[in-house]
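First, one chain by itself in structure tokens, the form predicted on its own.
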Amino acid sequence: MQDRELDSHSSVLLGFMHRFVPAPTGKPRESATLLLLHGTGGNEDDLIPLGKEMGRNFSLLSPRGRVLEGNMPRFFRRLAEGVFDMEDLKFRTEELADFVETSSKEYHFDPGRVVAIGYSNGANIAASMILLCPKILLGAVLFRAMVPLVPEKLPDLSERHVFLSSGRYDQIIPREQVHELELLLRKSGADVTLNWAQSDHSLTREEVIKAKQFLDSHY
């Protein structure tokens, strides 16, 4: 009964409206946890179906961004399309990292086995988190990400795996931004898989399948 309640109701923790869905085994500590991070205007429900599609062995933690742009939730402020408020980005990245750590105690999942799946704004804060708070994430699936920031000192990501999937016809994210992010992650030691989808900013079925294969091979 408890699992069904967690699967169907939102809760608030450290100010984050969120959902936690335990692994079907009922033993979250024995499974990896997917941190699901929605795009602009999304909420904690948006990526739950995608998370479930990634496999039956994962727990799911899906927070709603706490920043509003108009009435659209985001994970950090931007000044214009592709222009980020860097101070807010750093603050929100730390805030989200604290939420993940506190959630691991609340829901009893292994804090050392968290993998982010982010789309657009969610992918950008996931990239920021792996660069600024590398201990929080074991890896990441980044759909439609760009360079969020360049840290003063590159982290050691030698044991991190990242699946970076971008659209060939994406008019929001310049192709050079994707390659810069790939290079930044590689310079930090991450194992990066770069996938180019025959798409714009929208996700395709093919890249979702490839993301699942990525997770299956590493986690």
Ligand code: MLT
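When you see a residue number, it is the position in the sequence shown, counting from 1. What you are looking at is a predicted structure, and each value in this text was computed from that prediction instead of being measured.
Unshown form predicted together with the named molecule; subsequent notes refer to it.
Practice item. Report the residue, out of Gln177, Thr193, Asn57, Thr40, that has at least one non-hydrogen atom within 4.5 angstroms of the named molecule in the model of the complex. Key: In short, Thr40.
Exercise for review: Would you kindly say which of Ile48, Val67, Ile172, Leu154 lies with a heavy atom within 4.5 Å of the named molecule in the model of the complex?
Suggested key: Only one option qualifies, and that one is Ile172.
Point to revise | Candidate stretches 104 to 112, 91 to 99, 78 to 86, 133 to 141 - the one whose heavy atoms come within 4.5 Å of the named molecule in the model of the complex | key: Among the listed stretches, the partner-contacting one is 78 to 86.
Exercise for review: Verify the contact flag for Ser128: yes if a non-hydrogen atom of it lies within 4.5 Å of a non-hydrogen atom of the named molecule in the model of the complex, no if not.
Suggested key: Outside the cut-off, so no.
Check your understanding: Does His201 reach the named molecule in the model of the complex if we count a contact as any heavy atom within 4.5 Å?
Key -> Taking the distances in the model of the complex, the answer for His201 is yes, it comes within 4.5 Å of the named molecule.
**Study point:** Any residue of 98 to 134 that, in the model of the complex, places a heavy atom within 4.5 Å of the named molecule
**Key:** The stretch touches the partner through Ser120, Asn121, Asn124.
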